[in-house]
Ligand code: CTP
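Shown here is one chain on its own, the form predicted alone, set out as structure tokens.
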Amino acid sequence: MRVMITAGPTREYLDDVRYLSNASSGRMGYALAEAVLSAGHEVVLITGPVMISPPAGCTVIAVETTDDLLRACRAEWEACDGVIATAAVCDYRPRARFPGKLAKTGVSLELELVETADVLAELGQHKGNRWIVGFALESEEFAHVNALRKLKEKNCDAIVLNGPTAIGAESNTVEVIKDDGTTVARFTGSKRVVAGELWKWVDATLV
């Protein structure tokens, strides 16, 4: 089986040196790549810029912007059996990228942001017989409801709900939600432990 895993952050540039991004470390996605490889499967790891090394044996595709991620996913999706999408994708980008480096002018700078492409939704639109596991990071009161809405909108088979404390952390607590809205599993521990348990669930349930 060939599994695509997206990991890490994306960056959206304001000028040639400044960008919008987030503090995703990529650890969850990289740990999942290791778990899937250990189970004897092929892994295509599409990763934003992180400070950790990918596990040996996987195909690594480095990306930076959300559009980079979209192009890479489009190119690999047809040859994969499923995807686990852990990447922390920027939801917005500056409408215009300024050339060079913006200098201070003594006045305020107004920045207009527009939505980036919805990578997971596009994969869901071209799902075919493949399976899709998404990740949802939610901090609001209605986290479960928001995660379920994302699952439906993006045509996922399951979505993994976690919170802001997961960003950059060594450990994680996740809730696996199926398309009927039920929570079918909860895992907690180091990201390597959570990744191993999550892959066991995916392998037993979706593959």
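Residue numbers run from 1 along the displayed sequence. Small disclaimer: the values here were computed from a predicted structure and weren't measured.
Not on display, but discussed next: the form predicted together with the named molecule.
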| query | finding |
| --- | --- |
| Options 26-34, 178-186, 136-144, 51-59; stretch whose heavy atom lies within 4.5 Å of the named molecule in the predicted complex | 136-144 |
| 4.5 angstroms heavy atom contact with the named molecule in the predicted complex for Ala72 | no |
| Contact label in the predicted complex: Glu78 to the named molecule, heavy atom within 4.5 Å | no |
| Contact test in the predicted complex: Lys150 vs the named molecule, heavy atoms, 4.5 Å | yes |
| Residues of stretch 152-178 in contact with the named molecule in the predicted complex (4.5 Å, non-hydrogen atom) | Lys154 |
